[in-house]
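The chain below stands alone and is given as structure tokens, in the form predicted alone.
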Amino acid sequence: MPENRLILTFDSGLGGLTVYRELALLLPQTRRIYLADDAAFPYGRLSEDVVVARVMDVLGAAFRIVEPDVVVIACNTASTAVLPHLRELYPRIDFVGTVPAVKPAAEQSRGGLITVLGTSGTVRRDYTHGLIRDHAAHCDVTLVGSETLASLAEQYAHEPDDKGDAFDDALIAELAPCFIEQNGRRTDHIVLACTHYPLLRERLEKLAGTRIGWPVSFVDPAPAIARRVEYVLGLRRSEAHDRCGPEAPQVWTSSGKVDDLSRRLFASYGLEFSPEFSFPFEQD
């Protein structure tokens, strides 16, 4: 694998850190930027047209500073809406998206009863329904859209040790529709169709087993995304890389700032905040 390749991981907030972690483990020799569009978080509340325009604008501003080899859209909502536009406009850059892990969940399910848990935008998009038709036709699939789970995940990522029963009650309220019993079968796999949700994975597993009394497998796509990036980079020519970019891993935010809690969180992933980028969000 050629060294010094530049990977930009993009998400609306902290959720893409679950993907970034796998990239850093698998590809430690690369240069990396994590870009969080925190000024517009959460994307689930925005219309598809607004999401498309916003992602195109933010990444366009980033590409005026650096030209990555690979951009990982570590956001299901953005991936299902924006990837075709990005690939058409920036043919020199490879884009790797994040889509609901329907295929592995369907392959691993013993009872054929699975749930896709995502944002409201992700679960209603044609792309998600196409994945189900193509890869889970033999399964019964429940789609559950959450308006608040991404925000709960961000809260948990910042302060995991300061969460009590009220927080768990809020998680259970979001999880409850995922558990279906049908003709003697029970849901056995839940697809975490938002990169924020794996930030909560251990807590969700515990609640499913103890409070709900229904252990299930939660499917996280992050390792598969990292392997895909490794493959894409392997297809590139091995000549010396001349694109600009930081030597040490950096985090950029569209707000152009970061609070102390986020700074410590990013540092735990080996990321240092850089104030050189900002792109405010203004919505009519």
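Since we're looking at a predicted model, the values are computed, not measured. Quick note: we count residues from 1 along the sequence shown, nothing fancier.
The form predicted in complex with D-glutamic acid exists for this protein as well; it is not shown, and the discussion that follows is about that form.
Participant: Heavy atom within 4.5 Å of D-glutamic acid in the model of the complex: which of L200, A101, A150, C178?
Facilitator: Selected option: A150.
Participant: Indicate whether F41 is a 4.5 Å heavy atom neighbour of D-glutamic acid in the model of the complex.
Facilitator: Because a heavy atom of F41 falls inside 4.5 Å of D-glutamic acid in the model of the complex, the answer is yes.
Participant: Does any part of T9 reach within 4.5 Å of D-glutamic acid in the model of the complex? Heavy atoms only, please.
Facilitator: No, T9 sits far enough from D-glutamic acid in the model of the complex that none of its heavy atoms falls within 4.5 Å.
Participant: Just checking whether C75 would be counted as a contact of D-glutamic acid in the model of the complex - the rule being heavy atoms within 4.5 angstroms.
Facilitator: Contact check for C75: yes, within 4.5 Å of D-glutamic acid in the model of the complex.
Participant: When the contact criterion is heavy atoms within 4.5 Å, does T115 count as touching D-glutamic acid in the model of the complex?
Facilitator: So T115 does not count as contacting D-glutamic acid.
Participant: Would you mind picking out the stretch of 118-126, 180-188, 204-212, 156-164 that comes within 4.5 angstroms of D-glutamic acid in the model of the complex, counting non-hydrogen atoms?
Facilitator: One stretch meets the cut-off, namely 118-126.
Participant: For the stretch 187-201, I need every residue with any heavy atom inside 4.5 Å of D-glutamic acid in the model of the complex, listed N to C.
Facilitator: Result: A193, C194, T195, H196.
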